[in-house]
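Below you'll find only one chain, the form predicted on its own, shown as structure tokens.
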């Protein structure tokens, strides 16, 4: 974590959203990068560890460590886990290693899922190859024209302050780098945040090469690719781990608050919309994009909420989500109904999503 990031962070736990201060920092105190230590809330005095340069700004640190042991163990040695949580962490690590021998996991900390997002975030169409002429044609036509390209076209001004909720492996930060004065990305996946900081901020990472799916007979990850890594620390970019529905950053002070393909992953879509609204400054902008692959319980909740308002009309996800944001006091300036978003699963499988996106002003 960069020392300069601390002033923009706030406690994710207490109602006061207290300021955080850096404590027990290890290493060179003159350096801008903090590799380990902790952050403490000045209001509730709760501590949040920094592991492998990643700040864990989560309400229940022990539970987070145990649930994300797969991603954390790739970057952080056991002896660096805070003593308070180490026993539970080691037990969770053992259980994961035992289960991993029998099951191939597809959660956000798995290598395969991370590889799919690395491809979507960082590779160009010219770097993706399929033996299928049909798949290759779709890649060539649509791969480079997804949500990142649309968002970049909306944010043409220089020197913007940007907060991104659900930033994943950080590809949007790289796409917008020339327009950014200050950027903080928030995501719940430790593996994604560690990679985002490596690729965008130039911090060390134990893995020096990246593999993506190709022909599955050779393994889940079977082709090596080159992804450029930042050669120096960018003093204006940083990424932290947290719940993006309750982002641990300063409210009301960001030019742009972005949530990219995350709204249908949360139990309460209104909470994410409200978080974006609260983060944007007066006159600032909010960007939302999503393919709306709703869980049925969330869809049912939205149908009930809009039943009277939309009586006699069919429910369209894009219209309902725009209405959620407009009710907060945002004015939608531009929208695009169908943006291609491609996931290359392997040489003979391509997932194609159609994403709705809009930019609104507070």
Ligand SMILES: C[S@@+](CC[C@H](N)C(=O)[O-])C[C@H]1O[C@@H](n2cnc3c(N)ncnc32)[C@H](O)[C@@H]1O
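Positions refer to the first chain, counted from 1. Only a predicted model underlies this, so the values are computations on that prediction, with no experimental measurement involved.
What follows is about the form predicted together with the named molecule, which we do not show.
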item	value
Segment that reaches the named molecule in the predicted complex - one of 152 to 160, 244 to 252, 79 to 87, 124 to 132, heavy atoms within 4.5 Å	244 to 252
Joint contact, 117, 168 and 260 to the named molecule in the predicted complex, by non-hydrogen atom at 4.5 Å	yes
In the predicted complex, the one of 221, 265, 176, 92 near the named molecule [non-hydrogen atom within 4.5 angstroms]	265
Selected contact from 288, 200, 276, 189, since only one has a non-hydrogen atom within 4.5 angstroms of the named molecule in the predicted complex	189
Partner contacts for 204 to 231, taking the named molecule in the predicted complex and a 4.5 Å heavy atom cut-off	none
